[in-house]
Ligand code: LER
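Here we start with a single chain on its own, the form predicted alone, put down as structure tokens.
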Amino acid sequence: MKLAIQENLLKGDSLAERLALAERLGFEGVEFWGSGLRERLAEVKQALSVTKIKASTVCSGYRGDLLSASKEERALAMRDIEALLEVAAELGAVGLIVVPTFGGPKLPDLGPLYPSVWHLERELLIRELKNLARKAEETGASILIEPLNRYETHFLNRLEQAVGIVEEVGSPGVAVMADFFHMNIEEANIAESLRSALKYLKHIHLADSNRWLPGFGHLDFREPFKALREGGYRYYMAMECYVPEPKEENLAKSVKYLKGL
């Protein structure tokens, strides 16, 4: 298990201080927010060069919307995603986390040409991902498709839906990521869902049932972790959650809890 944490969850006046704290707490990677990352690239590379901490992933940060009704908004999202894949590759990160769309549908209902707006969105996303996959394969940084819960997006809620799309795209540059908070809402059995997605799974977000630190809610991580271990999962699991005060002390407790599993 390689534990990572999102940069914004770490205290420190500088990136170097935040990375030093991550290393001291027992993390092996840090996930960076994509917005503005290109402008920080020299600073990030310098800070990473003097620590054992690695860049695990880049989290979103692109403009536009892959499933917008506006062609310009879709094109903007694709340009930004391609640029962030280059940044992720330069940092040695696994890839870029991509959420196809937030909220409700933006496209019109074209029935009976498509059974529903969802089917139209799915077809559009597959076409876009096939184009983006070329950049992912070229850079070596993966596109990590993330399902969210139904309260954050209408479109992609479960791992099996993401797996179906990745299989149709058919590129090693497009993969799936899982988030324990969203799975807690949407999956009938988290461990079984992870087992079914393992072939395409390249990143995980960690949070408890209440979106607090793992170990601070009622989610049972034991069976899902067992499924990951038995399936040979070898990528990062990054904390994306609320950290209550005292932050450093509670982060240490959560790391100890997770590694104890």
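All residue numbers are counted from 1 along the displayed sequence. Values in this document were obtained by computation on a predicted structure and should not be read as measured data.
There is also a form predicted together with L-Erythrulose; it is not shown, and the following applies to it.
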Stretch from 52 to 60, 35 to 43, 219 to 227, 190 to 198 whose residues place a heavy atom within 4.5 Å of L-Erythrulose in the predicted complex: 52 to 60
Touches L-Erythrulose in the predicted complex: residue 146 (any heavy atom, 4.5 Å): yes
4.5 Å heavy atom contact, residue 152 to L-Erythrulose in the predicted complex: yes
Residue 78 within 4.5 Å of L-Erythrulose in the predicted complex, heavy atoms: no
Contact flag, residue 99 vs L-Erythrulose in the predicted complex, heavy atom cut 4.5 Å: yes
Output flag, 179, 205 and 211 jointly within 4.5 Å of L-Erythrulose in the predicted complex, heavy atom basis: yes
Sequence-ordered residues of 218 to 249 touching L-Erythrulose in the predicted complex, heavy atom within 4.5 Å: 240
